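Included below are C-alpha cells for two forms of one protein chain, each presented in isolation as structure 1 and structure 2.
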Structure 1
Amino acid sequence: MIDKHGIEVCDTQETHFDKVSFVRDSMPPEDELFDLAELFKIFGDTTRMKILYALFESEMCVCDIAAALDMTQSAISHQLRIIKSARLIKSRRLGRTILYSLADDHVATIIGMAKEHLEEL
C-alpha cells in the first residue's frame, strides 16, 4: 500500500521481531549517531564543500583557496576553523605559510563516493 506521500507502508501489521531485534542490536550508541550527524553537517555547507573539494585536488594555503573560490581570506579562514575542528583537514607550516590538506584518505573517499553517487542518479 502507498500512503498519501508516495511512501510504501505495510499492508499487514505484522512485525518481524527477529529483524527488529537485529537492527536494534546493530545500532550504534546515541552519542556515536550524534557525532555522525554532526560530521555530515560539515558537508552540508556549499562553501565548506568547495574548500574540501579544492583540498581534494591540492594542498593549499588560505590565499590560494580564497583566490580559487573568489572569496575573502577571512571567510575562508572561518570555514577552515570549522572544518579543522571536525578533523577533516590538517595543516602544516612551511616557512611563514600554513598549508592545508585533507586529514586522510577517508575524507577523499567520502567526497569521491558522494560524487560518484550523484553521477549515477
Structure 2
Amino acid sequence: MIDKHGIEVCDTQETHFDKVSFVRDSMPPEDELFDLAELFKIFGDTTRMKILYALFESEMCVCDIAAALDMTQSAISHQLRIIKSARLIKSRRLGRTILYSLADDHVATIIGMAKEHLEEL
C-alpha cells in the first residue's frame, strides 16, 4: 500500500497509522537532528578521537599533536579546524605557536557515556 506521501505503508492494522503519526509528531525538528548528527560526526573518526584524548591530557600545539599521533601537521590542522567549528576545543596563540585545549568537560562526558556502552557488550 502507498500512503499520501507516496511511501509504502504496512496495511495490516489500523494501529500502525496511529503509531506512525505519533512518531512523526514527536520527532525533533530537522535542524536540531542535523546539529546533533554533525556533533557526533566529530567523534566518529579515530584521528579526531585521538586529538581529543591528547587534549584531554594537556594543552598542546599543532606540531606536538602531530608528533604524538605520528601524523602530518597538515592533517592535524585540518582536523583541528573541524573540531573547533563544533566548539569542542578552543585555541590561544602563544608567539608563533597556537595552543589547543578542550573547550569544556562535555568531551569527557560524551566519551565516557560511549565507553560505558562498549564495556557492557
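Residue positions are counted from 1 along structure 1's sequence. By rigid core we mean the largest C-alpha set that fits within 1.5 Å across both forms. On a predicted model such as this, the values are computed, not experimentally measured, just so you know.
Structure 1 derives from the form predicted alone, whereas structure 2 comes from the other one. Positional change of residue 44 between structure 1 and structure 2 stays under 2 Å at the C-alpha, relative to the superposed core. With the core held fixed, residue 99 shows a CA shift below 2 Å between structure 1 and structure 2. For the chain modelled as two rigid parts, C-alpha superpositions between structure 1 and structure 2 yield a turn of the smaller part by 24°.
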